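Take a look at this single chain in structure tokens; it is the form predicted alone.
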Amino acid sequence: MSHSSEIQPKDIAKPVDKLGEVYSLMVLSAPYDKEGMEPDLKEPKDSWKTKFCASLDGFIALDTLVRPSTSEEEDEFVQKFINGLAKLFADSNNNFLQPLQLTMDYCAKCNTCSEACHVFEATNRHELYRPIFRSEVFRKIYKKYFTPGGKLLGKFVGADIDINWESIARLGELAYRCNLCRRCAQTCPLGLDNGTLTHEIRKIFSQEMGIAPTALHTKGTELQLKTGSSTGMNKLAFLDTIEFLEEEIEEKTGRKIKIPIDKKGADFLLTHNAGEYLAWPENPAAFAILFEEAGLNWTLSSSMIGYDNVNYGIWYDDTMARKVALQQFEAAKELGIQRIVIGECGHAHKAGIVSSDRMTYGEDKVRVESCLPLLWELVETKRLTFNPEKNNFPVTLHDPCNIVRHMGIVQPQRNILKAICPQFREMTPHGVDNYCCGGGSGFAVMQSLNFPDFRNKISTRMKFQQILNAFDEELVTNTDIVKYVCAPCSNCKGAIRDMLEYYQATDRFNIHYGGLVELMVNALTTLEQPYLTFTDE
């Protein structure tokens, strides 16, 4: 296929090796505007092209979507997709049917959504990544098979897409070029949601066709239901980890803290993304230090899935999401606890507070809250006291989409930072207008084949630009000073970690990342030694 501007939705079935090539990307600010500051994109291996669908743009997200070897297998693949499409518009899809139908029926093609999309902008407005390109492909397929006009008049009413393995596989890949950040939905003058439509495409592939990224399904949800955690951490390993945290806290702060586990009668159950225990143990340790110093009556749970608030199902499969949600609620009910507080994990916020509320009913439900208002209350009421001078280095805040744009929790986290970080500065734009980290909707944990190249080079590009802009003065005048990106979300931290490594931003410019509670502990007046240490400081 030639230039991006020539690609149309009806070309999705076109017999070409690659429908769209990413020729150019948004130029980053100085010092990343010079040659040699970032790796080049690589071509996929020939063996990958033969086995998977690399014919959309050269990237492969669906590592379980394998080319059929016979015409019968291809026919079966197509029929399963059509069957799944029919189910999306049935009454049984009641949680999503109305927004899906409205998005299908009322799009004015004004393209307001396109300018809001960080992937579209990062690729210099490549047609493949225009939000309504994906929606229009889906709309044309639906029209062809499920509307009288489409069946009768075909291409004369826009039902002009040929259905075969290639076109459906490309649509499946397109559903994994969107972070589900809903920035497009926020700007749509009609309130339509291309993110919901993308989610529904993913749902057909998983629930009807058994196709989902290995990182999300087999090594994510299935592993969580089998062992208790998407990390594979079982109860014994969790208890060992908590002992390790207690030892680390004592070694680092001199405080001997016994972290409460399975404490009946606690005021609330605190849950973390289990990835925090393995990748960033200083985060759950910081929660323990703050809550113990404030004298809160809290606990962790060691029951099945009670120690992992991850729920990858909300990105691709409603059935799996509900199974996980019910077990997470059960962990609280076993302890007689009426309230779950979600730690620093954006997608767990949405999964536990919004999605689970829609997927469960009556006595199955447990009240779920964000940790951020609670943390601000501890600061505002001076239940904890801080010395801001301990955090006297440039700090900026990344707003996780699920917490801020989707749930409206905007102010507590920045109130805290304004109170404890003298050099806090906002990104531009910020709050509900902020850009996704680029790791949303599962991208942060999808490491197979060449998909990390898409994430690091394209979907995180706008966020990296925001970080460069937030520290632009120090990047030029003082490359040695520590610069801290506060990201109160486990998923976002994973994307930002990989982004900083990809661009060597820590080695070159001393840019670091971490959570909010680590900054709070670092500024405690009662703590003699710094909690944060920066190896490149």
Partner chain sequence: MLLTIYLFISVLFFIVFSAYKAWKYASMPIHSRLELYPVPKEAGRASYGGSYYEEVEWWNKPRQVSHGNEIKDMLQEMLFIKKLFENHQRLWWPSYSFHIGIYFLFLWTICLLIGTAWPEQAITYLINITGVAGFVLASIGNIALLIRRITDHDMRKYTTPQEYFNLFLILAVLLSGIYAWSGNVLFFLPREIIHQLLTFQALQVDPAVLIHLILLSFMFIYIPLSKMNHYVGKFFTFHKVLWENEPNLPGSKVEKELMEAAAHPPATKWSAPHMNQD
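Just so you know, these numbers come straight off a predicted model, no measurement behind them. Residue numbers count along the first chain shown, from 1.
Below, we turn to the form predicted in complex with the partner chain, even though it does not appear here.
Shown alone, this chain has one stretch from 245 to 253, 165 to 173, 416 to 424, 320 to 328 that lies within 4.5 Å of the partner chain in the predicted bound form by heavy atoms: 320 to 328. Within 4.5 Å of some heavy atom of the partner chain in the predicted bound form lies at least one heavy atom of Arg182. Although the partner is absent here, Asp262 lies well away from the partner chain in the predicted bound form, with no heavy atom inside 4.5 Å.
Among heavy atoms of Pro394, none comes within 4.5 Å of the partner chain in the predicted bound form.
The closest heavy atom approach of Gly362 to the partner chain in the predicted bound form falls within 4.5 Å. Distance criterion of 4.5 Å from any heavy atom to the partner chain in the predicted bound form singles out Gln186 from the list Ser303, Gln466, Asn456, Gln186. A single residue from the set His272, Arg461, His406, His398 has any heavy atom within 4.5 angstroms of the partner chain in the predicted bound form; that residue is His406. Looking at 340 to 356, the residues that come within 4.5 Å of the partner chain in the predicted bound form, counting any heavy atom, are Ile353, Val354.
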